[in-house]
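This document opens with one chain alone, in structure tokens, the form predicted alone.
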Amino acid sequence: MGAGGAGKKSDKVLTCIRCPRGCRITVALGADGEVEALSGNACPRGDSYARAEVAAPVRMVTTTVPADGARDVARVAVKTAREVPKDAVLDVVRALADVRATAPVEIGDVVARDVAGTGVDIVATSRAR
């Protein structure tokens, strides 16, 4: 990776996570932070992933929360309903430490709304009865 600075280019090397191939993509950024060139992707998904990753990285958050009143499981698997900014992931995880689901829970049920002020809900990805 090159060093960034005024009037200089900077390269970022990423591993694409859009498919199992895991292409190593090199993104050349201009002094203004804009993508000037991109190489190493085997498909268009790699191109869109790399451009989004350098501009505004986002992640899905998955975990489990306690299932109060459930007879069949102690915890329910949950995830963010959509991606959250990468720099908010730790805030989301911390907020989920206090979240509890109340049985019955079905897949897709909203377990928590607007987690950590992100505007993103937490939804169940497993059942609890």
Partner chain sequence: MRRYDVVVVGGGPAGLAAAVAARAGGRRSVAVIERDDALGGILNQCVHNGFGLVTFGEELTGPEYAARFADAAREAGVEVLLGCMALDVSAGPEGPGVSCVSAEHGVERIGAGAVVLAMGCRERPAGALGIPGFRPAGVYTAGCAQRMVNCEGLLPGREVVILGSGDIGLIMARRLTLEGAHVACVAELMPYSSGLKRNVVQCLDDFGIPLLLSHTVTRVEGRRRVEAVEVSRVDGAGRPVPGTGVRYPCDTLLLSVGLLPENELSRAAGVELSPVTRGPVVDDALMTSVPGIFACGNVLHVHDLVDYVSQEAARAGEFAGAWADGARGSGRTVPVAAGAGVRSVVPQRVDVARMPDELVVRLRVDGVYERRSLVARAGGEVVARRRRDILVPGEMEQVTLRREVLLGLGGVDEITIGLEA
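Just so we're clear, the structure is a prediction, and the values are computed from it rather than from any experiment. Positions refer to the first chain, counted from 1. In this text, the rigid core denotes the largest set of C-alpha atoms whose superposition between the two forms falls within 1.5 Å.
In what follows, reference is made to the form predicted in complex with the partner chain, a form of this protein that is not presented.
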Examine T118 and determine whether its closest non-hydrogen atom to the partner chain in the model of the complex is within 4.5 angstroms.
no
Is V110 close enough to the partner chain in the model of the complex to count, meaning some heavy atom within 4.5 Å?
no
With the cut-off set at 4.5 Å between non-hydrogen atoms, does A74 touch the partner chain in the model of the complex?
yes
Heavy atom to heavy atom, is I25 within 4.5 Å of the partner chain in the model of the complex?
no
Could you run down 92 to 129 and flag each residue that has a heavy atom within 4.5 Å of the partner chain in the model of the complex?
V93, I107, T125, S126, R127
Threshold 2 Å Cα movement between this form and the one not shown at L14, rigid core reference
yes
Superposing on the rigid core, do we see a C-alpha displacement of 2 Å or more at R100 between this form and the one not shown?
no
